[in-house]
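Before any questions on binding or motion, here is one chain by itself as structure tokens, the form predicted on its own.
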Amino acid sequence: MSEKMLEIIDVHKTFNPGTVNEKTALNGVNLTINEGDFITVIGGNGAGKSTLLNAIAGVWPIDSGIISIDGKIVAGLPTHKRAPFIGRVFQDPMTGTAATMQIEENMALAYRRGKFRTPFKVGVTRKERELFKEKLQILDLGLEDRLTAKVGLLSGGQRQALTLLMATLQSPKILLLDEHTAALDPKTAEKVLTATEKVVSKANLTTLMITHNMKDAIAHGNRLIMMNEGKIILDISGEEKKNLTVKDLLEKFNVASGEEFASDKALLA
């Protein structure tokens, strides 16, 4: 039986309370994620998706509620104290890597996080290099043969795939993917999503992936949640998810929310 890896209980977050810009971003969110779950998160703009990931990561404090990772209550802990539990990949491929450093140097920094206190001038060891080659082969992008290449020479998709790998080198308790393919062209995005499936599956990582693309939300992961106005209104898994279509998902949203989904091509593609 799977163990609970992430538990969110009645979490609330309002930005700019008491002002004309007051915005309720999370409105009593409840979510339990078991170890090894790969959950895609869908919803319109302002639904609370990124706010939920930021709440888990501790980017800012929640107003009320409980967030626990692997049985440890983390609500109230600052970002740096949650860092050992969490791997995260953002939307911009340029933010997760150091462009002027080599691929193996970037990977060594991620691999050594929290392990070494000495300056990085030590260099990459043979054992580390062998590990990095093995990990890079999973991506199927040929990067295992370019360990000494500067990361700035890589394409956006290659950099994002590398960032994904770096975020998972220490097998985090939770992997947060915040629209990590949104800045990529469709063909490259598909390659990165394929790499994501491989990395997550091989390490059995508990994963939350935000996407604006309904087809991707349906095609990837073992569970799908849909948010609206700061709440989770749909939670679909198993055979029901496998048999889902975009049309089904839109109809379920309309029934659950009592309103029409504010669709556009990015959401339905």
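These numbers were taken from a predicted model, which means no experiment stands behind them. In this text, residue numbers run from 1 along the sequence as written.
The form predicted together with a small molecule exists for this protein as well; it is not shown, and the discussion that follows is about that form.
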Query raised in the report: Thinking of the small molecule in the model of the complex, which stretch from 217 to 225, 200 to 208, 64 to 72, 44 to 52 has heavy atoms inside 4.5 Å of it?
Result: 44 to 52
Query raised in the report: Looking in the model of the complex, any heavy atom of residue 23 within 4.5 Å of the small molecule?
Result: yes
**Report entry** Interface membership of residue 16, the small molecule in the model of the complex, 4.5 Å heavy atom rule
**Finding:** yes
Requested in this report: Give a yes/no on whether residue 212 approaches the small molecule to within 4.5 Å in the model of the complex, heavy atoms considered.
Outcome: yes
Query raised in the report: Going by a heavy atom distance of 4.5 Å, is residue 105 a contact of the small molecule in the model of the complex?
Result: no
Query raised in the report: Of 190, 144, 128, 179, which residue is found within 4.5 angstroms of the small molecule in the model of the complex when only non-hydrogen atoms are counted?
Result: 179
